[in-house]
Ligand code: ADP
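Only one chain is included here, represented as structure tokens and corresponding to the form predicted alone.
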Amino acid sequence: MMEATKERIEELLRGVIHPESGANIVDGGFVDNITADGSRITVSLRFKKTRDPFAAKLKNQTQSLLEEHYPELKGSITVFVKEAAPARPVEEVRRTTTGDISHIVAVASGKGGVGKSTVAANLALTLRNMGYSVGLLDADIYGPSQPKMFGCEGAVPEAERIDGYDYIVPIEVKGIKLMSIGFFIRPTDALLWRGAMATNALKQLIHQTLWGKLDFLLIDLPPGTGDVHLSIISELKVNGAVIVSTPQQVAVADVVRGVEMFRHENVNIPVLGIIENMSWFTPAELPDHRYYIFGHGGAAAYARQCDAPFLGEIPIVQSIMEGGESGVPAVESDGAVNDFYRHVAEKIVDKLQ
């Protein structure tokens, strides 16, 4: 059985022929990259045409050929397809409204239920309190929550026509420029959208919102990894990502996937650090007591393990929970909560400078 080396894989792939060009995919320049470490094979194929009609067929042929020659690695063989970006008219490029944003930071989580949106809202307000101009994009297309977090669920953004093009005016609340698909649907609506519909809606929110000049744009990503994440990565130059977790081992295990997604060679977005949310519970009547309901230090331990900065701990404080329900994030009303978030925000700013 052949050893899985880059050279031998290239030799194998010379047997895969592009039907239109007649060239094998290696000499024809369709193989963009090959990595093989003995336990995993990754091949990326690059096509010069947008939506090359033979892309899917050649990807499947490549996958089958490698699995046939390396059956022991089946399940650890990945073939990516990269296609040329659709040609855009000059006007379309000019219309994007993100050119005056200094730093774009993705706020992500490996799983739902860890308080990512709450963290994103309070971080936005903390950065505002530090004197920065801040925008917040609620990119959780299927479960937008920022309108509720900021108490503006009934708001309807206005449109503005500039040079013959329509733009969306973001909702300004508490000094934050906020945009969310939640402004365009009723809270009771179920979004039965396929991936392409969701990503197209997100592209509009990104490029047609009048963000203006911002120091920071925070992006509240949906949990996990998927089409929305890939769309954000392809549409914006994200300067860094922060990952939100709880101390539970099951949540920390999902952090691994989030960190690896941003560190993947085809993504290559710096992981600014990990935030441990719900680190402990402090009752209002016992402000000096800490109860570690979900365990202790899990996210900090993983940060050390994967060589990612640990940005800090955010406790379960009653004002944080109440703030999310009332539309007044806790940073606005609780000085102690503001201190926790200030500690985290200062580290994020330092890493971006």
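Start at 1 and count along the sequence shown; that's the residue number. For clarity, every value in this text was computed on a predicted model and none was experimentally measured.
One more form of this protein should be noted, the form predicted together with the named molecule, which is absent from this view; the next part is about it.
In terms of contact with the named molecule in the model of the complex, the residue from 206, 105, 114, 228 that brings a heavy atom within 4.5 Å is 114. Contact with the named molecule in the model of the complex, defined as a heavy atom within 4.5 Å, holds for exactly one of 41, 45, 311, 317, namely 317.
Put simply, residue 243 is far from the named molecule in the model of the complex: not one heavy atom of it is within 4.5 Å.
Residue contact with the named molecule in the model of the complex: residue 118 places a heavy atom within 4.5 Å of it. Remark: residue 126 does not count among the residues lining the named molecule in the model of the complex, judged by a heavy atom distance of 4.5 Å or less.
Contact between residue 149 and the named molecule in the model of the complex is found at the 4.5 Å heavy atom cutoff. Heavy atoms within 4.5 Å of the named molecule in the model of the complex are found in one stretch of 231-239, 276-284, 164-172, 127-135, which is 276-284.
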